[in-house]
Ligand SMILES: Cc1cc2nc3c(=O)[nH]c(=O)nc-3n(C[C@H](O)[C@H](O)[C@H](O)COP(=O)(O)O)c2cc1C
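One chain is shown next in structure tokens, namely the form predicted on its own.
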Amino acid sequence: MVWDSWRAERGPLALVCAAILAANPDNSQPWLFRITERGGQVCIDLFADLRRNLKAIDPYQRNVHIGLGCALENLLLAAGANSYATDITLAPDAADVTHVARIDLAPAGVVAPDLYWAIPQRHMNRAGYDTNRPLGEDMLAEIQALNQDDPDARLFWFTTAGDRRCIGDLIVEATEATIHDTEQAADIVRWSRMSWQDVQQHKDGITLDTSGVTGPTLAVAKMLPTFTPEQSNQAWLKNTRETHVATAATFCILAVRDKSAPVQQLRAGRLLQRVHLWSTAHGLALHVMHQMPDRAGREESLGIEPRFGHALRDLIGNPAWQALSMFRMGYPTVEALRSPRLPVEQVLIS
């Protein structure tokens, strides 16, 4: 499994192995990589695999590009640790919208950033967080400093009890709207891997081990027949209401200047990955909860009343910024488990 073997690789392939361990919404792993060498110049091209897009959940491929940005961040961290300097070009081919980045590599000294060492420990933690341990202002300030170089991405924090209740209620409402939307609910069910056979076959998606169900409940769930779609959706709603929003120490909206711009989506993904790696290194748990932005995108695609689009706008309170994704953060009560990953040979193209 690449979680265990990722550092055994050498050369450009080591960078790809690090990249595929990145965070990505719904564990869809929407990436493809091409490694080329011409005249001693090594290049890695990063492509969006739109076959892996959840179309009703993510009609504008925003989550896809966030996940690609997360992968790009891991790749760049691994480049320094593997003696490469990098020259990055985003959207290098105007004729191919799936070609999201080109990374030219050159020999350099070893520079292993602190965040690099958190790559194999970073896992999405969907379990409950410690409600007796708030996040300090100094810690949030350190996280905010991770984004000093990007003027087009910003983190908006919501730490007060009142704000957390308000956002929690909206997330629950967005989850209910999702499971009552036939097409969105079908997307979620299609990407859920509830049996061992499904995990082995697909090596992607949301599994029971990473669903936030823990302890005896998880053991019993693994012994039961596969959940029906209705049972799966109701379990997600119950976990969202009783665990996820109820135990968040803080919520955060990841915003950009223009949420329709793929390059800004990529850069926001890089920031999200940095935040998640930093959190891991400092003993914090993070859980991306994109129900509200997903419903806002669904509203746009269907041309219906922008209930959640307006709610996100009001939460940010600044017309210069548009919500792209959201997450909760806190101190973990249980260790997050690893999600399945496609083997590297399945994401390499020629």
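This structure is a prediction, so every number in the text was calculated from the model and none was measured. All residue numbers are counted from 1 along the displayed sequence.
The form predicted together with this ligand exists for this protein as well; it is not shown, and the discussion that follows is about that form.
Distance criterion of 4.5 Å from any heavy atom to this ligand in the predicted bound form singles out 289 from the list 48, 289, 315, 323.
Note on contacts: among 99, 274, 259, 123, the single residue with a heavy atom within 4.5 Å of this ligand in the predicted bound form is 123. Of the heavy atoms in residue 27, some are within 4.5 Å of this ligand in the predicted bound form. Among residues of the shown chain, residue 23 is one whose heavy atoms approach this ligand to within 4.5 Å in the predicted bound form. Contact between residue 206 and this ligand in the predicted bound form is found at the 4.5 Å heavy atom cutoff. Although the partner is absent here, residue 66 is a contact residue: one of its heavy atoms lies within 4.5 angstroms of this ligand in the predicted bound form. Note that among 37-45, 277-285, 66-74, 295-303, the stretch whose heavy atoms approach this ligand to within 4.5 Å in the predicted bound form is 66-74.
If you take 331-345 and check each residue for a heavy atom within 4.5 Å of this ligand in the predicted bound form, you get 339, 341, in sequence order.
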